[in-house]
Structures are given as structure tokens and as C-alpha cells.
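Just one chain is shown here, as C-alpha cells, and it is the form predicted on its own.
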Amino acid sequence: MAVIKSASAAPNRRRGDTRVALAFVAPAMLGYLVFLVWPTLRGVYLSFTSFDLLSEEKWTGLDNYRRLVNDPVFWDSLGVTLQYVMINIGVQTVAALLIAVLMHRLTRSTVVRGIVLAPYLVSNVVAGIVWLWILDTQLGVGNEVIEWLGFDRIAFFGDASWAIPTIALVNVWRHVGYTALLIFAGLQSISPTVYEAGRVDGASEWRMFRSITVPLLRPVLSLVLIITVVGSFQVFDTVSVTTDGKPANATNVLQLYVYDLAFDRLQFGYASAISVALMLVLTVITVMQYRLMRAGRSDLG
């Protein structure tokens, strides 16, 4: 009799646990639906309409996408964004990997990790404004140092050839600590015995890094690259507070162009079409990265 009662109580207990779990998940799920899923679906719908916020949207089919294909400003903004992404991702990944390896091999101090992460705690807007002051052509301490060293002052944010690399490096300074800690966490999953075996075989530090660290770190590096690439394509705030797309659209990244179309020109339909196109591009890039880097498989074990 006791066995029968126990068997019948188990499904009831599981149903009770499920209700409790759903109750905890419900607020987050509600926020996800309201602030992510619904705006995404609404944006996709608006991309097929002509909408200026002052009147009802009018269905236009693929007109916004035809305009996008023939829009020279869109393609110029895409080129500027790609330039930013290449510089930001290249420098940030290499620097973060170097910092993570040094922390892993030399010190695991929480103080050092806190110092490395400190720039990430500064908002993009504040970081942009601070660096705008530091690198100001006339009064910035950065240019004072450059002049003291005997070089000419540089208009870091005012010269078309310097602006995007400068913005990219400012964001590298802010995000490299967070990226390094992600990689550092991956390094801790690698067993020390693997490196001991390498030393016994006479492998140098560089050889162990190339033949042991990088292959075993591939899933983590894949995750880091996916996160940083997607984030880099969405750059907006640093550009907005430093150059606002100037000089001569040299820093007019895609997100800034979308903002200008939507909130300055009230062309919400066309701005939504560009946003949808960017979402599709990022989806393709993410899938390609995942497959090419075999992110779902690890050499550990």
C-alpha cells in the first residue's frame, strides 16, 4: 500500500516542481517576449511598410529593400562598420588572448583580474567622452604627450583616416578585460597535466601555446568571437558621443544611420528594413563562425 502511495505521489511532486519552476521563469519570459520578441516581429513587419510615426503604416512590399540595394549611403555605412569590426575584433581578440594566457601562467590573483576588468565597468558613453577629452587636438593630454615627444598633433576624432581606428581602439580598451576573463575561464578548464606532458617532451612555451592551448580553447574562442562580432556590428554610443558620424560620414556606422533615418527623418519603415538586413547578415556570420570553428566540439577529454 505504501509503495502505491509513493508511486502516485511522484507525478504530483513533479507537477508541483514544474509549476514552481514556471513561476520563477515567467517574469524573465515575459520580459523576453515584450522587449525582444515583439519588437523584432514588429520591426520585420514595419520593414515592409512606409511609416513615419505620424500616420498609419502603409504596406509597400519590398520597396524598402529595393531602396536599400540602391542606397549609396547604406553601402558606405556598411563599409565603415566592417572597417571598425575588423580593427576592433582583430586587436581585441589578440590582446585578450595574450592577457588571459599571462594571467593563467603567471598569476591568478583576483586583484589583477579586478584591474583587468575595471574598464568594462565604465559605460561606453563615459569612456567615449573621457577619451574625447584625452585625445582632443588642442587641449588633450594625449596630444600634449605626442607634441612633447617631437611629433605633430593628431586629430584623432577629426581626421577621416584616424577616426574609425581611434573609436575601435577606445572600445578595445573598454572590452578587452571582459573578453580576457572569458578566455581565462576557458584556460582553467585545461588540465595542467597536458602542459606537464608537453614539457616532458621538450616543447617550448610557444609550441605548447600553438599545439595545446589554442586547439583546446577553440570552443571558448568561438563563443568569444561570436559575441564580439555581433557586439561590434552594433556599435553606436561611442560614435554618437565622439564624432556623430563625422567627418564627412567617415564614422557613419550602420546603427548611427538607422538612428538618423528613424528618429531624425522619421523613416521608420526604411530604418526597419536596414535593421532586418543587419540581423540577417549577423545570423549568417554567426552560423558560419559556429561551423567553421567547430564550436560545438571540443578537443578536451
Partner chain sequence: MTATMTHAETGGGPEAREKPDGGRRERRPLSWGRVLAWVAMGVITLLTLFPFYWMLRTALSTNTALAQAPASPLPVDFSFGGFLRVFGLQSTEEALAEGGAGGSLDFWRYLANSVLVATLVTVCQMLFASMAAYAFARLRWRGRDAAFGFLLGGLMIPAVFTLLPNFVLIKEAGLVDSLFGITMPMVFMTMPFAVFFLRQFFLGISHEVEEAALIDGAGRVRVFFQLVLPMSTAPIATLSILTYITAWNEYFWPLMVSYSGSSRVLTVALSIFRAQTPQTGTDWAGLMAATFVAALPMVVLFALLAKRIVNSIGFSGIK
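Numbering follows the first chain given and starts at 1. This is a predicted model, so every value here is computed, not measured. So that the term is clear: the rigid core is the largest set of C-alpha atoms that superpose within 1.5 Å between two forms.
One more form of this protein exists, namely the form predicted together with the partner chain; it is left out here, but the text below deals with it.
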* Would residue 39 sit within 4.5 Å of the partner chain in the predicted complex, counting heavy atoms only? -> yes
* To do: Spell out, yes or no, whether the shortest heavy atom distance between residue 144 and the partner chain in the predicted complex is within 4.5 Å.
  => yes
* Please check if residue 192 has a heavy atom lying within 4.5 Å of any heavy atom of the partner chain in the predicted complex. => yes
* Please check if residue 234 has a heavy atom lying within 4.5 Å of any heavy atom of the partner chain in the predicted complex. => yes
* To do: Scan 134, 216, 203, 87 and let me know which has any heavy atom within 4.5 Å of the partner chain in the predicted complex.
  => 134
* Proximity to the partner chain in the predicted complex, single hit among 197, 185, 82, 73 (heavy atom within 4.5 Å) -> 185
* Neighbours of the partner chain in the predicted complex among 117-136 [non-hydrogen atom within 4.5 angstroms] -> 117, 118, 119, 120, 121, 122, 123, 125, 126, 129, 130, 131, 132, 133, 134, 136
* **Core-aligned C-alpha movement of residue 22 between the shown form and the other one, 2 Å or more** => yes
